[in-house]
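Form predicted alone, single chain, as structure tokens, below.
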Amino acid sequence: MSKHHKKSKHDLGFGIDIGGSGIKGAPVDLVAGEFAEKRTRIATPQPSTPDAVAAVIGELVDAYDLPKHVPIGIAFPGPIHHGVISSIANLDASWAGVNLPELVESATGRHSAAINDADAAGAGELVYGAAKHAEGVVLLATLGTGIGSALFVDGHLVPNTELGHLEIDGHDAESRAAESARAREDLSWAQWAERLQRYFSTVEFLFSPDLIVIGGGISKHHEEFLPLLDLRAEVVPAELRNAAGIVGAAWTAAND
């Protein structure tokens, strides 16, 4: 682990990933950076109001026999400014203005921290995964329905970057370069790689990353498209895969 990665104050945390269809949680071994027990998933309540989601979070936490000092980290699908949700796309509109850590602490009686879901995945990769020995500027890009981004400078998060929404060639970047665009337009790996090249060349021009980590389910097929990219930065696949968000959220809460 490089010098800018802090050792956690706890050896156990609890991570929760809130999504539009499901809310997932698991205890996390903060030494190894992996689930300490099997993950639990509960369907996102409809309507997905803060109180309804908080009740599910309480249910997830209560499903495990956790010591009272174990902190709760929440990965949330939207920007979070000092714990407060500013806007929301995938959940009920009543989330705007909610202080998420306060909500979770009321529901669980435990110290809580909240982080954007892409930032949480980036933290997981930075501390335990593909970027754990990296120095300088690190970018995690999650290629899925959209493009999620997490940017770190010398181990410090630049929160809430939305680099999937850069306008490139007159288009919202993720509308052409996300994995969903590859599937929707039935692009070959080479055709999709051309779009990724255009996207990452732009990001590289703007931010000069030393390392780019590619996440999302498609990263398991990295041999098909990463070798086709020609960038100055080193480009590597993510290592934690679907565990990254929960692990990164738990680590964030333990170091908050």
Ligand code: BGC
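In this text, all values refer to a predicted model and were calculated from it rather than measured experimentally. Rigid core here is just the name for the largest C-alpha set that superposes within 1.5 Å across the two forms. Counting begins at 1, following the sequence as shown.
The same protein has a further form, the form predicted in complex with beta-D-glucopyranose, not shown here; the description that follows concerns it.
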* Which of these stretches, 117-125, 182-190, 151-159, 98-106, has heavy atoms within 4.5 Å of beta-D-glucopyranose in the predicted complex? -> 117-125
* Does the 4.5 Å heavy atom contact test between Ser94 and beta-D-glucopyranose in the predicted complex come out positive? -> no
* To do: Considering only heavy atoms, tell me if Ile147 and beta-D-glucopyranose come within 4.5 Å of each other in the predicted complex.
  => yes
* Even though beta-D-glucopyranose is not shown here, does His165 get within 4.5 Å of it in the predicted complex, heavy atoms only? -> yes
* **Close approach of Thr142 to beta-D-glucopyranose in the predicted complex, 4.5 Å, heavy atom** => yes
* Asked: Going by heavy atoms, what in 70-95 lies within 4.5 angstroms of beta-D-glucopyranose in the predicted complex?
  -> Pro77, Gly78, Pro79, Ala89, Asn90
* Cα of Ala178 displaced 2 Å or more between the shown form and the other one, core superposed? -> yes
* To do: Would you tell me if Val127 moves between the shown form and the other one by 2 Å or more at its C-alpha, with the rigid core held superposed?
  => no
